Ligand SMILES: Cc1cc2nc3c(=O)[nH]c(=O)nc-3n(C[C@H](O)[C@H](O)[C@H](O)COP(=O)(O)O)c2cc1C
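One chain comes next, on its own, written as structure tokens: the form predicted alone.
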């Protein structure tokens, strides 16, 4: 299927220009820890605090969604690139990279991650060839500094200079954002 003549490769290339963090999604299913790499992760709401992630329908992880009650989003540090490859199914070494899951209120949490958010499942919705899993945040964990996230941009893992930047507006107290209307010249 195409949009205005574009193919899926072009879509992936253009969508990949939106830089995003990389997370390992974990849950316990049938007495075992299940995990997958995801970059389709987003905050959805402040009140209530909601997060979402989007696993492919054809993924093994999606086979456990019907029984999933809780999950944890583990945001990766730049030095955890190997874990991203491992949990995405792209690891080609005989032994996995070192990692450890520790218990948390929402199930297994990846030790050493940049941060984690544990969620209770609110809803699983259709989203084309993916599922949209929405969860209510019930626990949060912030790892130790320095906070240097693993970033995915234009099909590659990247790191960012966290020392540079300018403050963004704090929108937590905005009650009603005014409409923004633009007129062509």
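Numbering follows the first chain given and starts at 1. Bear in mind the structure is a predicted one, so any value in this text is a computation, not a measurement.
Here the subject shifts to the form predicted in complex with the named molecule, a form of this protein not shown in this document.
Highlighted residues 22, 89 and 152: every one comes within 4.5 Å of the named molecule in the predicted bound form, counting any heavy atom. Although the partner is absent here, residue 148 lies well away from the named molecule in the predicted bound form, with no heavy atom inside 4.5 Å.
When the named molecule is considered in the predicted bound form, residue 56 lines it closely, a heavy atom lying within 4.5 Å.
Taking the partner from the other structure, the named molecule in the predicted bound form has a heavy atom within 4.5 Å of a heavy atom of residue 60. Proximity of residue 137 to the named molecule in the predicted bound form falls outside the 4.5 Å heavy atom cutoff.
Here the chain stands by itself, but in the predicted bound form one stretch of 36-44, 65-73, 117-125, 138-146, 36-44, has heavy atoms within 4.5 Å of the named molecule.
Residues from 154-173 that approach the named molecule in the predicted bound form with a non-hydrogen atom within 4.5 Å are limited to 157.
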